[in-house]
Ligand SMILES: Cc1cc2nc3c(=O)[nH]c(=O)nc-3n(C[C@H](O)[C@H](O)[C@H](O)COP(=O)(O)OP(=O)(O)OC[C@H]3O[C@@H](n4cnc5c(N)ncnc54)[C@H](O)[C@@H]3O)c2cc1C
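In structure tokens, the next block holds one chain alone, the form predicted alone.
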Amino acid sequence: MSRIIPRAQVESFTGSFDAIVCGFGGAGACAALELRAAGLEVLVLERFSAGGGSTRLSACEMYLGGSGGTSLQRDLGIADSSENFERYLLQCFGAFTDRARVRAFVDGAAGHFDWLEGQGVPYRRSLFAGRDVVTLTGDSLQYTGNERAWPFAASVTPVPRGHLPEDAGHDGGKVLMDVLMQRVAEAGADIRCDHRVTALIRDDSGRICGVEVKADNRLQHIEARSGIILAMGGFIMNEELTAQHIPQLTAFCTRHGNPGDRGDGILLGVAAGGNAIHMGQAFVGVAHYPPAQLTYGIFVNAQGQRFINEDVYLARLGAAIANQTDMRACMFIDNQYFARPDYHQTTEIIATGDTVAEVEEEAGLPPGSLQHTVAYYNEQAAQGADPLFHKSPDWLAPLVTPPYALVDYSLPQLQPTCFTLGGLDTLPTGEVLTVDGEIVPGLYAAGRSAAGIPRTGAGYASGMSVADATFFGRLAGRQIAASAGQP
């Protein structure tokens, strides 16, 4: 099946619109709202019977800040300068950073929050200052990444940036998408569910000018006069693509996303000449908290050695474990702080003992390795220090209360949540780029169909994907509106 159809082979179009949005998740909904606000005729195509996408499945702790702080941050007396926000994001993604994209996001993120609240998404003016993956207290602001952990806290001011719809808990994505989808319908966009985009149409000039769609078991061809936005999700549900790009994870990861995350938008974009980048990057979530007390434990690898500060966010820990021998890691913890992690039912206690030596022997670790690691850690922790990995003093305490346990957090054992981060290379305004950096005329991408701000799990924070998808979906819609009618 060809994913590109020459315009000359299309006998007639069954419809014509200024813009076509492929996918009705967070990116697609926000793009459609901007297009309609500009007065363009908009068609939204969704392959399933209802919209929402993977955004609807998320907790939706949208990661926002800068410009002195969002209105929510400022109302709580929390300042977040653009310099501080940008410096943090640059440190998060290092060599993977798209600086132009980060700059655009930093400049517009606070205004994006106002726009979302203006659409009717409810936010409570309250902060959860504790340590949790998703606050269940009803508060709308929390820390959701590595803001308070080394090495980030050594060079930036820690600021809570996770903006969660009030009283939403894990259902923030439902709250957000219910509001956005209703607004798109009210704005007058033509929304067609059970319509799968199967190909793009290209005219003689090389411009993408329409789509082929399968609905009711027949094919239709629809014209896009100004532009097409691919907002069709990532590719975690495509076994062929994941085996090709993240083979080291496919054997054990729990695929997180909606069934439509099959990379259709990425494949269509590549067929049109676009360049897919960072396809080997993925989020791997090892949620060793809550309960927060587990942060007092220490992680060791197959050599019985620590390899990370345990107060990091779950994706940074997942990325670090993926780099250990056989992706093996265990938490050593004493009886005072022992608990079962809330998010993982697959952890197993592989060794216990009244002494560290007993635990080491039962676990089959190299003789003396765990004993040395724990002895050094306890000596330093008793002084409020962690010279090796700089764990925050808030989570430093000697592990001296027997019995002791070694709990298996190895990735094959844990079967952790995983989703992809690679996608089409685009300008911040959504235009799809070729491998040479040229624009593919008429074609845009946003959400996980594009390579967004979060391009590696090591610097990821909860809410970065939803913030990225909704923000850059809007930018793509505005860019098409600005170029509408231009040759």
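Not measured: the values here are computed from a predicted model. Heads up: residue numbers just count along the shown sequence, starting at 1.
What follows is about the form predicted in complex with the named molecule, which we do not show.
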- Message: Please tell me whether any heavy atom belonging to Ala31 falls inside 4.5 Å of a heavy atom of the named molecule, as the geometry stands in the predicted bound form.
- Response: no
- Does at least one non-hydrogen atom of Thr55 fall within 4.5 angstroms of the named molecule in the predicted bound form? yes
- Close approach of Gly162 to the named molecule in the predicted bound form, 4.5 Å, heavy atom: no
- Heavy atom to heavy atom, is Arg47 within 4.5 Å of the named molecule in the predicted bound form? yes
- Query: Tell me, which of His256, Arg148, His245, His278 has a heavy atom within 4.5 angstroms of the named molecule in the predicted bound form?
  - Reply: His256
- Task: Consider the chain as shown here, without its partner, and state which of Arg87, His344, His390, Arg196 has a heavy atom within 4.5 Å of the named molecule in the predicted bound form.
- Result: Arg196
- Task: Answer yes or no: in the predicted bound form, does the named molecule come within 4.5 Å of a heavy atom in every one of Gly285, Asp311 and Leu414?
- Result: no
- Listed range touching the named molecule, judged in the predicted bound form by heavy atoms within 4.5 Å, from 258 to 266, 348 to 356, 379 to 387, 182 to 190: 258 to 266
- Message: Could you pull out the residues of 417 to 431 that have any heavy atom within 4.5 Å of the named molecule in the predicted bound form?
- Response: Phe419
